[in-house]
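As structure tokens, one chain now follows by itself in the form predicted on its own.
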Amino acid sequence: MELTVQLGDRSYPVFLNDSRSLPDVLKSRFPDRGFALVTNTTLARLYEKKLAGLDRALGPVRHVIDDGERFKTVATWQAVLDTLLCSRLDRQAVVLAFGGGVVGDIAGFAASAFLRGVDYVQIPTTLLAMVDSSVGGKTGVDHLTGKNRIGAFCQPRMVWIDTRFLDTLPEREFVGGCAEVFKYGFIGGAEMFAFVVAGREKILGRDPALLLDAIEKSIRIKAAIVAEDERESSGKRSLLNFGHTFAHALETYYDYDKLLHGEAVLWGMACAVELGLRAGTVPAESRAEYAAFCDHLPRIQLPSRPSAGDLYAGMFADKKAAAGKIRFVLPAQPGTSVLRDDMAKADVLAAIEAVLDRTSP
């Protein structure tokens, strides 16, 4: 299956479970080009044979980073650049990002800076990367002051998705990826909302047919939003951050350790719905449906109960904050959300505390 992200002369295909071999497609689309491959330590071990096949077919320069969000740093990015700069690669080089969101963000950011920009390809190996970070061209690294504070918009030249990678994905990471699928239910229209509500348990259970459908629907929704608002200039793309204002604050609070991004998003979506219920953005006839859906979202026990005040303070460092105001994406009619920057601090704190209270041991 081939989907397309429509961006004029920078449009690119997303291949989903294509029957051809990846090396054949890469050689066909990028003839006579040099390659570099970025992956992480876990995947280098897990997919040793597959990577060896890419080595034989393409002869890429390889750089392996440590596995985990806490390594999504300027230092890691610089190390990738050091490898690229010390290689014989030129401006015709193609960087291959083989991994999840961290690998994709760092490799894409390195590609955007190497020799002032070279092509790169996303090869996502996690559900979260397949439905979210591999599409859209957001690249970057975290900083002590907040998540994704340093980076660039840099669209890939293609995305290659093979759902067989999910067979080896640990359960925690899979559930975290489901968070991004469920997110589209709040912004992708009534049909998508009904789909995730009805299919939630089967998606979490890795039902092959439903999971493939969920991935395709998610990519189509994101591709359409990116095509309309590539650089978040109109506000449309900001809707993709449903639940993320809370989630990024949680990740920073725990120093990008002990809590996966998708796990933080699950918490963040529950907080966003709670705030929407308090703010009245959710219509009365949908309140029970939203509350029931969020109550059945899987959420791991947090390492410790966070301070709602500290989380609120951390939100001002989020890149979505503007003019000293925090922008929240809140649910409205099923399948739609709205941007709000007028939330009272007391309401935000009350929403966080209410969600924490409902999930306390």
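Throughout, we count residues from 1 along the sequence that is shown. Just so you know, these numbers come straight off a predicted model, no measurement behind them.
Quick note: we don't show the form predicted in complex with a small molecule, though the next part is all about it.
The partner is not drawn, yet in the predicted complex one stretch among 296-304, 39-47, 331-339, 55-63 has residues with heavy atoms inside 4.5 Å of the small molecule: 39-47. When contacts are judged by a 4.5 Å heavy atom cut-off, Gly101 counts as touching the small molecule in the predicted complex.
In the predicted complex, the small molecule stays beyond 4.5 Å of every heavy atom belonging to Thr145.
In the predicted complex, the small molecule sits within 4.5 Å of a heavy atom belonging to Pro170. Looking at Phe165, you'd find a heavy atom of it within 4.5 angstroms of the small molecule in the predicted complex. Leu128 is the sole member of Leu211, Leu96, Val118, Leu128 with a non-hydrogen atom lying within 4.5 angstroms of the small molecule in the predicted complex.
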